[in-house]
Each structure stands twice: as structure tokens, then as C-alpha cells.
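So this first bit is one chain, no partners, the form predicted alone, shown in C-alpha cells.
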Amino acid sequence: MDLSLTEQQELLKTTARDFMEREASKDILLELEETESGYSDELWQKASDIGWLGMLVPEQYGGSGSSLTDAAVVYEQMGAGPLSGPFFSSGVLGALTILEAGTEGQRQRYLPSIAVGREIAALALTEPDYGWGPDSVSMRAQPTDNGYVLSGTKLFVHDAASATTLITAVRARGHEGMTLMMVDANTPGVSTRLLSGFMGWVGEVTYDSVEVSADAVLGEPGSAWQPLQRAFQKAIPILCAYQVGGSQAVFDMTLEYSRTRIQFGNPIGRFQRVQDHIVNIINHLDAARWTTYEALWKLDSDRLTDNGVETSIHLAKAVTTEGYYQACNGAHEVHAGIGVMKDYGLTLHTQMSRTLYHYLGDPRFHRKRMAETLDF
């Protein structure tokens, strides 16, 4: 197993890092966090121009058909910001969901637009009875002569305000399983509300007797859960790579501060308790990085039939999500008072680590799923 990056991936990493330093500096990100959407249309267009939004879209649908590891290399640098916005929601999770669950016609309809940023897709799955399993979806779609009527609420939906299409999980009458529906975000009866405290835009979406046509169903009615799981398997390690980038940035920031902050005539990095915190950050960072890239290597090596790949994905998500969270905790212990000053920049990562903690399943959820795959 060789988890090192190829020469081309190293070049991609350098390009992505240069882009972030030039276009998404700390000051720019702090300004964006004060906006209602949490992201910039100009940055979105620039990311589209260099092909970031279509990396996982196959070439026949207008994308570049890059590997998952290629995309992860870019998202790791985005996480170092951390750069918020619907990059992951649309370019990764949305694109993969349509690719796995949609018909050929639906792929041709949506994927080329997603690849160039004209279409922004966001998954609306979770509800007030929160969970990432199929049993947590209870919202109903009532059939009509022309299609369906949707009523209900989706909660903790990432990037819904900027989405043009909401990939909405429902229970369609007459079908036992879960159904995904492509709902135009501007349809009468669809409304969004921002939930405070999260990085970027996380909110509530309300469907008040929303009428959609029969062709809004993504794929076949009642058969969405398995393709959605396949999309999750591929998307989760890229989200993990984003969190690895955040953990690396937190470590770099903390190490530099420990070398330059003088107390009692010495850099605080010479004090044992400060060193303990930094070592803990390193341990979380290394565990996150290598579990993430192991999962990516298995996926890109086409080992989806291997039971070990599912275990690796759950392990990466559990370790990486907890690692980013704890790295921020350790960084605040080292920084003390200056760490909570917004202008310093550490709070961007602290807020993002909390925002992503439950996204696509928290560590406890994935540890449980990992135990199930190991038949404990």
C-alpha cells in the first residue's frame, strides 16, 4: 500500500495551496463569515474556472473525471482555510448522488451544469428526528395526478440557501424504501432559515405543500438508499481530507505560536504541558491523515467489493472528525486568550470543526457502523 502522492498530485496540491493563499486569505475568510451566505460568488466562479467543481464528474458529462484522491488533495487545501461554501455539497456529494442514483437522462441534465457551477445541488436528508440512517427519514410525498406534493421539514441542511436544486429524501406513498426528489429551490412553498452558530450556511428547509412533477424523482421511487450509500462512501473520505487540512493548519498555527510567544523569558514551547498539547495535536493529525488516505487508496484501487473498504471509510470519518475537534481544543489550550479573538483566525477552525462534527455521521455513529461491518 503506497499512500504517497504522485508527482501530478503534488503539483495539484501546490496549485491549490497557491490559490488559497491568493484568493482565500484569513482576512477574506473572516469577511465572508460575516456575510449571510458564508461564501463568495467570485470565489465560486474562480474555482469553477480551474475545474474544481467538476473534478468528480465524468468527462462524458463535462467534468474532468479525476480520482477521489485527486479531489481530496484539493479539498485538503480548502480545509486549511477553512473555505466554506457549497463546494463539497454540490461538487462532491451532490454530483456523486446524481451519478449513483440518477438515470442517464438526469445525469445529462444536471452534471454538466454542476461541473461549471451553474447548478448548485444540496442534499436535504436529515430531519428533526436526527440521524443518518434510512429510518430517520419520515417526510412524505403524496402522489397527485401530475406528480407529488411534499410537506415537511429538513434540518441541518448544508448550503441550502445557495442551492438551485435540493436533493430531497422522502417516503413516497406506494413505495417502501426511500426516494430522492430533485426539487427546484425556487418552487413555491420552499423556504429556508439559517441556524446560527455554524460555519458557512447550515439551516432548516421547510416544504409547505410543494408540488413537483413525476420526473423529479431521482432514479426509481423507493430505491434511493443503496445508491445514496455508495455516494456517501466516496464523498466521506473527501470530507475527511478537508478536515485533515484544517487539522494541519491548526497544528502549524499552534507550533508557530509556541515558538514566538515568550513567557518567563522563554518560548512557551519549552514548557512540558504546552508540548503535551502539541504532541496530542500531532497524534490526531497523523491518525486523521493516514486513515483518510488509506480509505481513498482502497476506493481508487476499485476495492469496493472488499469488506475492508467500508471499515476503512467508517474508521477515517470517526478518527478525522474527532481529530479536528480535539486539535482545535488543544490549540486553544496553547493559545489561551488570543485564541478566542476572531481576527487571529483560530476560531474559524474551531467553528468549522463543530459544524462538521455530525455531518454525514458523528464519530459515535461511524464507530458503531464499523463494529457492524466487523460483525462484533
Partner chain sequence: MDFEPRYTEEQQTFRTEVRDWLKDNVPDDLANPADSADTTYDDYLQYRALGRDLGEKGWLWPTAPTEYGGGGLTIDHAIVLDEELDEYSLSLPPYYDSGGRLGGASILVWGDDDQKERFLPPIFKGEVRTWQLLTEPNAGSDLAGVQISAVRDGDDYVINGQKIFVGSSHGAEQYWTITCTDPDGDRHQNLSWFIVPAETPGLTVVPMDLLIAGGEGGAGTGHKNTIFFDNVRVPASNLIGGENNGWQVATTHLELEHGSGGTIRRNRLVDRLFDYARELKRDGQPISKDPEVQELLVDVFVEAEISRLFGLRNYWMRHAHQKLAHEGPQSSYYRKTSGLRMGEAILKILGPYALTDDPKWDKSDSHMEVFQRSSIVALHPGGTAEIQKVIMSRRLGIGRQVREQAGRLA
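Treat the numbers as computed from the prediction; the structure is a model and nothing was measured. Positions refer to the first chain, counted from 1.
There is another form of this protein, the form predicted in complex with its partner chain, and it is not shown here; the text below is about that form.
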Within 4.5 Å of its partner chain in the predicted bound form, heavy atom basis, the matching stretch of 55 to 63, 36 to 44, 309 to 317, 345 to 353 is 345 to 353
Students should find that, of R171, H277, K234, R107, the residue having a non-hydrogen atom no more than 4.5 angstroms from its partner chain in the predicted bound form is H277
The listed residue (D300, D184, E211, E204) that reaches within 4.5 Å of its partner chain in the predicted bound form by any heavy atom is E204
*Do all of D129, L195 and M199 end up near its partner chain in the predicted bound form, with near meaning a heavy atom within 4.5 Å?*
yes
- Though only this chain appears here, would K13 touch its partner chain in the predicted bound form if you measure heavy atom gaps against 4.5 Å? no
Open item on the list: Taking its partner chain as it sits in the predicted bound form, is I338 in contact with it (heavy atom to heavy atom, 4.5 Å or less)?
Closed with: yes
- prompt: Looking at the partner-bound form in the predicted bound form, is R364 within 4.5 Å of its partner chain by any heavy atom?
  reply: yes
Answer for V116 alone: is it within 4.5 Å of its partner chain in the predicted bound form, judged on heavy atom distances? no
Of the residues spanning 138 to 159, the ones with some heavy atom within 4.5 Å of its partner chain in the predicted bound form are T153, L155, F156
